[in-house]
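Let's start with one chain on its own, the form predicted on its own, as structure tokens.
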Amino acid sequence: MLVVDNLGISLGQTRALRPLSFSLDAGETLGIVGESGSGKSITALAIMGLLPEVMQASGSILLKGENLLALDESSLCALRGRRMAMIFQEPMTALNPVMTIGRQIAEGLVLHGLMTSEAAASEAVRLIERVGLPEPELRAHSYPHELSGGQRQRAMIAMAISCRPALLIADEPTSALDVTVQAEILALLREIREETGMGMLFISHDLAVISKLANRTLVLYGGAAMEMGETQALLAAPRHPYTRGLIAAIPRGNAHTTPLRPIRGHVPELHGLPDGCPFHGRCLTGTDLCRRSSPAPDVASTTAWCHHLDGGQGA
């Protein structure tokens, strides 16, 4: 359904994303995980055709066989909402503050010619109820500032699924929510995926969240792929030093008595990354070969990009 082939993104001479390839089937969820600055959100923006004008994308992004990178803005507008949609991390900045929730949900249905204004208004109420907002008819006439954070995120989900897109991109949709609301949102997304059969890209920095929703997981660092595979296999037996470092850094036991195991060092600036593996400067097993040469993929239960997969614990 979605095939990303050698997608590269650059800002002048700086590589924001090294050639990246992955695919997504209908009804599947691919988790994309990594630290801030790893390339997660910029990959999503490239797929949606929302990259800043100063950035250039290369390669191809095929959505049901159509190359999104070859389309003009008018053609992309016809696809956004209708065939692909995105749930943004902070709904308060993504929702229009001067439009009611109902109007914002109905707008896409009307613009894409799927319903009349009257039918779209009724459908908006149904969708508001579907995503679990109480008193749907009242909420349809509410403005974003009148809703809580979790309610706004539900409204964003209702807007994203209104036209039943084939592809849904969720960019850290639960990071600002408390644990209880987070679990409810994840359950809702899982139900919607099963009902509609849409493919989902779920972006997060939280491996625990990824484990609950994603069929497969792609680990990014420094704008490059580190590891990719079936989620439970990847989490149970991570092969790349960076993936092992992320899992080791998860708090365990009593947070007051169990020391954290952070990955040493800091995420470098994109313009300071080596030509080879971007994780080289923070990896305990990194060598000069890692700095000079990008590793080829090694395929087993998961695919990992590393010169020294058997060289120790890495981070």
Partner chain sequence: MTLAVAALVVFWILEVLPGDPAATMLGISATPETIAALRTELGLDQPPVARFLGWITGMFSGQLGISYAYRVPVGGLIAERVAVTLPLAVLALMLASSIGIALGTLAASKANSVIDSVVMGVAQLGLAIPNFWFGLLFVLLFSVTLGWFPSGGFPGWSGGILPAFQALVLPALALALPQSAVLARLTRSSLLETMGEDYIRTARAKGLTRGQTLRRHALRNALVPVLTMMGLQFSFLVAGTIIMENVFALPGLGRLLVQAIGGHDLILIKNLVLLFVGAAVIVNAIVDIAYGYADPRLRVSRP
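Every value quoted in this text rests on a predicted model; they were computed, and no experiment measured them. Positions refer to the first chain, counted from 1.
The protein also exists as the form predicted in complex with its partner chain; that form is not presented, and the subsequent description refers to it.
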Q.
Does any part of residue 196 reach within 4.5 Å of its partner chain in the predicted complex? Heavy atoms only, please.
A. no
Might residue 98 be said to contact its partner chain in the predicted complex, defining contact as any heavy atom within 4.5 Å? yes
Self-check item: Residue contact check: residue 129 to its partner chain in the predicted complex, 4.5 Å heavy atom
Solution: no
I'd like to know if residue 93 sits close to its partner chain in the predicted complex, meaning any non-hydrogen atom pair within 4.5 angstroms.
yes
**Request:** Verify the flagged residues 80, 112 and 143 against its partner chain in the predicted complex: is each one within 4.5 Å by a non-hydrogen atom?
**Result:** yes
Heavy atom within 4.5 Å of its partner chain in the predicted complex, from candidates 50, 250, 70, 289, belongs to 50
Exactly one of 107, 184, 172, 123 comes within 4.5 Å of its partner chain in the predicted complex through a heavy atom, and that residue is 107
Exactly one listed stretch (26-34, 276-284, 54-62, 41-49) reaches within 4.5 angstroms of its partner chain in the predicted complex by non-hydrogen atoms, and it is 41-49
